[in-house]
Every structure is written in C-alpha cells, then in structure tokens.
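Form predicted on its own, single chain, as structure tokens, below.
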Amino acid sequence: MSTSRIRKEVDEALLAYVDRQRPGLLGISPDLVPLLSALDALLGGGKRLRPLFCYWGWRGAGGEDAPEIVNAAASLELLQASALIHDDVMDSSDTRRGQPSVHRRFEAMHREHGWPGAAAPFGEGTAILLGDLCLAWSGEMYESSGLGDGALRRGRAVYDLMRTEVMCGQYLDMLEGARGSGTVGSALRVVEYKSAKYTIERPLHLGAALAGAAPEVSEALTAYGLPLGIAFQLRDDVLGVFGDPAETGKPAGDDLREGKRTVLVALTLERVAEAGAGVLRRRLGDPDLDDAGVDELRGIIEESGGLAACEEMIERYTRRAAEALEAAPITGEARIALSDLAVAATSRLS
C-alpha cells in the first residue's frame, strides 16, 4: 500500500463522511450551505500527515490494510480542521491553505449582504461553531469507522489524550505570546504539546493501539515520533518566516505579524545584539508589518545565527528519529513508509 494511495483513500473517506452529514444539516436549514461550503474548501487541502501516521502506526503494529482503519485515521483530519479554524481565530489569521480563513470568509459574507451590526464578531462566532462541529464529527467518524468495539475502546484513550494535549498546547502557545518571555525551553514545551505529540506521536500511538500493539512497539514509536514531531514544527517555524507563500498557503512573514514566540525567535534572541533584539521585540506581533519590515526581521534572524541554530536542531532531532526507527520492532513496509514520511515532514519545501 503506497502512501499516495492511502492519502487518496483518506480524501475519499472524508468526502463520503461529510456527504452523509450534508442532508441532515440542510434539512435543518438551507442557510447552512455556506457552512458546508467553507468546510469543503478547508478539507480540500492539507498533507494528511496525521491520518498517514495513524495508518502506518497500525501497520507497524501488525494491522492489515482495511477500509476501516482508513476511516478511523481520516477522522483525525476533522480534528485538525477544528484546530485550524480555532487557531486562525485566535491568531487573527487572514488566510489558510491559500484561501481566506473561515472567520474572514464569513466576515466577508456579512459585509457582502449588508447585514446590520459588526461583521467581525459574526465571522469569528461562525468559525468557532464550525470548529466545534468538526470536533464533534471527528469523534463520530472515529466511532462509526467500522472497527470492532475492542479496537475502538483501545484507541479511545489515546484519542482523548491527543485532544486534551493539543488544547493545552494551544493555551501554552497563547500564554507565551502574552508573557513575551521567549525562552527556548518554554517554546519547546509548546512545540511538544501543540504539535509534536499531536501531529506524529499520538497518531502513531492511535494506530498502534487500534491494532493491539505490545508496549515495546508504542515505546519505539514514541522514540521515533516525538523527535520527528519537534523537527516538523521547527521546520514549520522556519517556513512561517522564510517560506514561499505558494508552498505554505500563507503570506510571507505571517508568523512575525502574529507575534509567534517560536523556537526560531527564541534562538535569535539568545544570539542577537541588543539593538537587533530591541527591533525584533518591538516589531514582532505588529499586524501592520509590511514587506520591508518582514525583510528587516528576517535579516536579524539570519545574521544573528538564529536560523542556522534552528536548522541544526532540525537536523539533530530528525537524525534521532531515524536512529529510533532503525531500531524499532516494526514491519518492513511500515519502516520504509515512516522513513519517507520523516523526509516529507521536515522538508524545506513542506
């Protein structure tokens, strides 16, 4: 089973699930059409990393290829949709995956219709509700995947923990932004809970639990998944500042405008001279930061050695994951797929 084929089957499973939900929503009111259209647009993008890691966690633990595991894995995309929609509201992000973020989409709809009242609260409120709906549907899709009761019961604890951790990680991310402390240690704590566990380690654990994995398999998947998850987020942090908008789906430098206290920023503040640190602290989080301002901050990050230090961390964590995978007691096909996914997750073009 190739990774591209799994990705295609995940897409098909998501489409089928939302299509099954569509008549129920439209039976409530045709006014819900824009809500479904926004969800369709959001689900149309994405790399499907979480379902892929879940599937290969299942296969690595001895599970056989089956549509039921694809359905269960695909439910993680609805969880991710919920997280992205809410994250964009909290960060006041204008775009997601190369299109308007959900709250901006509904804010624009309010204005286009000339409705009374403020457009922004309508957009934000609608986005929160759609995110909540995706969260509820993620659980429903998991439970209706077709896997047996025993498997679902084994996976449920992992699924619940995954949802708890990502919400705690999101809060810690907001807390760091409010405090403005910006240490490498505090930024890595956010990375671990908001991204590393949520994106890679827990999806692997979920697949393994569904397959009834032995404890040593889950431990090996942690040794691989956690450092890879950290490397994945560090790469995302670099792309959030230096990435090509055509590849990232967000304007260049958006993480700087949003004031994200990333490991990249923390590494820069450890190394930069006081004058550069002052500029970075003053301009980080400025929503009106123009292209020239983005270039100035990029220059500070690069010239201080912060970018090089972050790249070195990515390489170190990726290497640790590769070594753990080599020693992991999992099947050959899964080992190859997880090795390929490690490259995809940390690529400079992700």
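As the structure is a prediction and not an experimental result, all values here were calculated from the model. A residue's number is simply how far along the shown sequence it sits, counting from 1.
Beyond the structure shown, there is the form predicted together with a further copy of the same chain, which is absent from this document and is the topic of what follows.
For the residues 214, 174, 108, 279, the 4.5 Å heavy atom test against a further copy of the same chain in the predicted complex is passed only by 174. None of 31, 291, 64, 288 but one reaches within 4.5 angstroms of a further copy of the same chain in the predicted complex through a heavy atom, and that residue is 31.
Taken together, the three residues 125, 136 and 179 all come within 4.5 Å of a further copy of the same chain in the predicted complex, as judged by their closest heavy atom.
Here the chain stands by itself, but in the predicted complex one stretch of 149-157, 96-104, 245-253, 69-77, 149-157, has heavy atoms within 4.5 Å of a further copy of the same chain. In the predicted complex, a further copy of the same chain sits within 4.5 Å of a heavy atom belonging to residue 89. a further copy of the same chain in the predicted complex comes within 4.5 Å of a heavy atom belonging to residue 163. a further copy of the same chain is not drawn, but in the predicted complex it has no heavy atom within 4.5 Å of residue 337. Taking the partner from elsewhere, residue 132 is found to have a heavy atom lying within 4.5 Å of a further copy of the same chain in the predicted complex.
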